[in-house]
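One chain comes next, on its own, written as structure tokens: the form predicted on its own.
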């Protein structure tokens, strides 16, 4: 059966497994299993959850990019995006896709129509040997279900709890990985300066890095500490 995709959502350029830094060894092990399972005919389902800026969207889009490069069909839907005309019917037939990623799925928990569509998708994808990856803020055990169908279906979903990066060294490493992906070298001293002066939030730091990358390209300058201070002083 032909699957008609209702809309095309572009993936972030920086969304790749190579640019993700795990906050702990436990998370690293869980995510290694997650990545290794992608594309296998296991029919596994995962739920990545945690507060804002822990990398949920990054990992879902990284998973899509990872399989897309292997020539497999994937789909990513951000369910919290109010600008997209998303209705439960968009899930119909998606079990035929190798990987289905639904971001901020807890936004539709409590809606019976969405829950029935999601339960059906999880069941059919498992039978087809395809994977479903969900993300949200809260643990599944806190969800207020409107249907018994989804309550039963999520018993087979593997949860992975994500936590923010808090160590400055980890934040610097994350910045360096993102800089390397866009062809820049970020010295540790520059990374430490950005973390100390600006933020410990990865998303905010990446916004600063994007600004620096643009100015580096315009000026044809490396990201030295004097150059970075000059750019940020004038921004």
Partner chain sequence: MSNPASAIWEKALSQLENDLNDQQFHTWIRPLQAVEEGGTIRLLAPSSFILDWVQKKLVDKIEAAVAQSAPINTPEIKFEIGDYALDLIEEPEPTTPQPLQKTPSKAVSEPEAENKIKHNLNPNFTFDTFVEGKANQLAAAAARQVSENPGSSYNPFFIYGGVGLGKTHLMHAIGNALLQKNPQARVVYLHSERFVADMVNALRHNKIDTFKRFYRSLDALLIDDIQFFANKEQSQEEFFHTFNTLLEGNKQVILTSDRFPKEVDGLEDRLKSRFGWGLTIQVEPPEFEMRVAILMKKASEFGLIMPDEVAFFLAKRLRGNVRDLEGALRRVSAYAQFVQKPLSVELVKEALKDLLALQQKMITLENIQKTVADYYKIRVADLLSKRRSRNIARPRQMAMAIAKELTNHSLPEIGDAFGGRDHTTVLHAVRQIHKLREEDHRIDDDFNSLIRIITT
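Numbering follows the first chain given and starts at 1. Note that the coordinates shown come from a computational prediction; the quantities given were computed from them, not determined experimentally.
There is another form of the same protein, the form predicted in complex with its partner chain; it is not shown, and what comes next is about it.
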Notebook entry, point to check: Is residue 84 close enough to touch its partner chain in the model of the complex, meaning at least one heavy atom pair within 4.5 Å?
Noted result: no
- Message: With the partner left out here, check for me: in the model of the complex, does some heavy atom of residue 207 sit within 4.5 Å of its partner chain?
- Response: no
So in the model of the complex, does residue 157 come within 4.5 Å of its partner chain, heavy atom to heavy atom?
yes
Query raised in the report: With the partner left out of view, is residue 26 within 4.5 angstroms of its partner chain in the model of the complex by any non-hydrogen atom?
Result: yes
Requested in this report: Report whether all of 65, 176 and 179 sit within 4.5 Å of its partner chain in the model of the complex, measuring from non-hydrogen atoms.
Outcome: no
From 202, 31, 195, 186: within 4.5 Å of its partner chain in the model of the complex by heavy atoms is 31
Of 138, 123, 113, 147, the only residue with a heavy atom within 4.5 Å of its partner chain in the model of the complex is 123
Of the residues spanning 30-49, the ones with some heavy atom within 4.5 Å of its partner chain in the model of the complex are 30, 31, 32, 33, 35, 36, 41, 42, 44
